[in-house]
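Read the single chain below, which is given as structure tokens and is the form predicted on its own.
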């Protein structure tokens, strides 16, 4: 089976009278890069939070590498699915960069030498090895974004889901981020308002509208459909 991640008929509501996800079914094959776009409030971030069990659907299932997400499989699936939050300040909480990147592997009770190796590999992958001894509070927006991605890479997931990874970045940092993401071999699900990022990174794009899949097609074909984009508030 080549499917890495599947949301199957997902329903979710934060309150009983306001359903946010309304029967979403969406699958990604291994190493596929998929952009998830939609107007504010469409349900993009809510969907991402289901990928590794931060939210639990009221109906439907999440399946990772053929394994349904349940309380019994939660720990295993969280090792396979890495989540990069929209605001890196929500992800970085240790005082020093290398401590933040090593936090996850250390909590897996890996030997010290293996934790150090993962930290170095993750920081090298995001071109941030020179930041390892820096305070996380003294990093620029682009540096924080790279370190946040490194904290996820250090856990060695097979799937990465990212919420607005280019938000708030200056043009140079944004270009560097897009280049970085293009080097990753992971299955990627990227929620974004940055349509150029979607065009450059993802062969496939999915539009979410009012908690449902409104379109699922090749990125270039979908983004060039002006009537569809207007109808979906984009």
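As the structure is a prediction and not an experimental result, all values here were calculated from the model. Residue numbers count along the first chain shown, from 1.
This protein has a second form, the form predicted together with a small molecule, left out of what is shown; the following refers to that one.
Exactly one listed residue, out of 167, 63, 39, 178, brings a non-hydrogen atom to within 4.5 Å of the small molecule in the model of the complex: 39. The contact with the small molecule in the model of the complex, taken as any heavy atom within 4.5 Å, belongs to 193 out of 193, 59, 203, 30. The stretch that touches the small molecule in the model of the complex, counting heavy atoms within 4.5 Å, is 41-49, out of 41-49, 194-202, 63-71, 168-176. Residue contact check for residue 24: none of its heavy atoms lie within 4.5 Å of the small molecule in the model of the complex. Proximity of residue 20 to the small molecule in the model of the complex: non-hydrogen atoms within 4.5 Å are present. For the chain shown alone, residue 158 is not a contact residue for the small molecule in the model of the complex, no non-hydrogen atom being within 4.5 angstroms.
Looking at residue 87, you'd find every heavy atom of it more than 4.5 angstroms from the small molecule in the model of the complex.
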